[in-house]
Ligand SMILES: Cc1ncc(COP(=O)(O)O)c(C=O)c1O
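The data below hold one chain only, encoded as structure tokens and taken in the form predicted on its own.
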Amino acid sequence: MELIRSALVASGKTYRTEGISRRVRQITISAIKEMPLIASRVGGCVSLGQGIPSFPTPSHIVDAVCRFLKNNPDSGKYTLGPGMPELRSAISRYLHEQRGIVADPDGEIGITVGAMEALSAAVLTVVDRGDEVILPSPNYASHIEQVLLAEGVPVFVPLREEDWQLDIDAIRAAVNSRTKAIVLCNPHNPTGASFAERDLRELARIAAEHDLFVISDETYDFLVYDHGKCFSLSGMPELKERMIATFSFSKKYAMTGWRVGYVFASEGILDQMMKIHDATAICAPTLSQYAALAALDGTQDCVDDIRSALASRRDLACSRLDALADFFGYVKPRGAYYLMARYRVRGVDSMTFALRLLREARVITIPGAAFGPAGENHVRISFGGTEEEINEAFDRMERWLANNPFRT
């Protein structure tokens, strides 16, 4: 991560350190957010970077919120800290119908400011200074910063690069007396993997044997391709007292800007998480909670449409990479809307590669080093944009690479 910090400073960003706490000094805004900021200063860029789906929020959600805002005098007020009771009940029904999970809406479900707040609160709740947290790597960049903010120690365990699946033997070997938790995103950001059920069950066994918490980021639980299914750890009874599962409405319903998600955990854990929630957010935005309720109660055709469109965009991105096989290797994603492309240039770190691609070709990608050590020599590509944006980005990359930008 020091390479990312140095590169961002070199790009013109400076940070005050005097009087700033150690816990804040040791973290940084992720490259996922910084690359678009740099691109805004460059101008004229097209993005394969930040994971923002191109779709508008479905009209039935927007219409429901407009009615609520106009007709309900409480629309501008706080809700209860854990969230609107009717939304928590709707989530409880959804978890039971879709996952077979029995979740008490009053004691085991909390509404949060996106899954990000839920993840931060989860880490801060269970991780003390010096505790080790296992992160399968490459891993979502913000998970690293959340562990560091809690003054924990990230322990990176590489995924198998040939298929980006979990290396269970390596995870088992990484566990020691200081290990406190495992953070897992499935389907996986940034690789697009959908982890095998047998490996996830083995991971659950490791967690149970060693009394570890499992913090599960299930933002992309709906987004698995080729008729596959996402196996979730959140319904496994042996993990009931050590599982913290986080979910988001952002990608499933094209609601990234609404900032609403939720957490499912046992009452004893959730009570502690709600202390952090109260101290930092009070409650999720009332209008966003109502939008989430409208999303759950309304037609789910929009979810199918989003999934179908992203499957086509995945195939487009892969076909464009196939045409650049001399420059990139990759594993075809099975879920989410990202892939990690390994560039075939020696002696160039991923931040340098991504910054040159941005400045010289005006294409935004995310340097692989932002996702932990196993991400180096890769760039993360998002295919959440329109097909026109994807094609334009790859057209620019093809022209840039044709000029042999890294010739010696």
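Numbering starts at 1 and follows the sequence shown. Remember, it's a predicted structure, so these values are computed and weren't measured experimentally.
Form predicted together with the ligand: not shown, discussed below.
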query: The ligand in the predicted complex: contacted by all of T125, V127 and L212, heavy atom 4.5 Å; finding: no
query: One residue of S248, T179, S137, Q289 in contact with the ligand, assessed in the predicted complex (non-hydrogen atom, 4.5 angstroms); finding: S248
query: The unique member of Y225, Y220, F328, W164 whose heavy atoms fall within 4.5 Å of the ligand in the predicted complex; finding: Y220
query: G114, heavy atom within 4.5 angstroms of the ligand in the predicted complex; finding: yes
query: Close approach of Y253 to the ligand in the predicted complex, 4.5 Å, heavy atom; finding: no
query: Close approach of T191 to the ligand in the predicted complex, 4.5 Å, heavy atom; finding: no
query: C185, heavy atom within 4.5 angstroms of the ligand in the predicted complex; finding: yes
query: Stretch in contact, per heavy atom within 4.5 angstroms of the ligand in the predicted complex, of 212 to 220, 237 to 245, 195 to 203, 267 to 275; finding: 212 to 220
query: Residues from 359 to 397 in contact with the ligand (non-hydrogen atom within 4.5 Å) in the predicted complex; finding: none
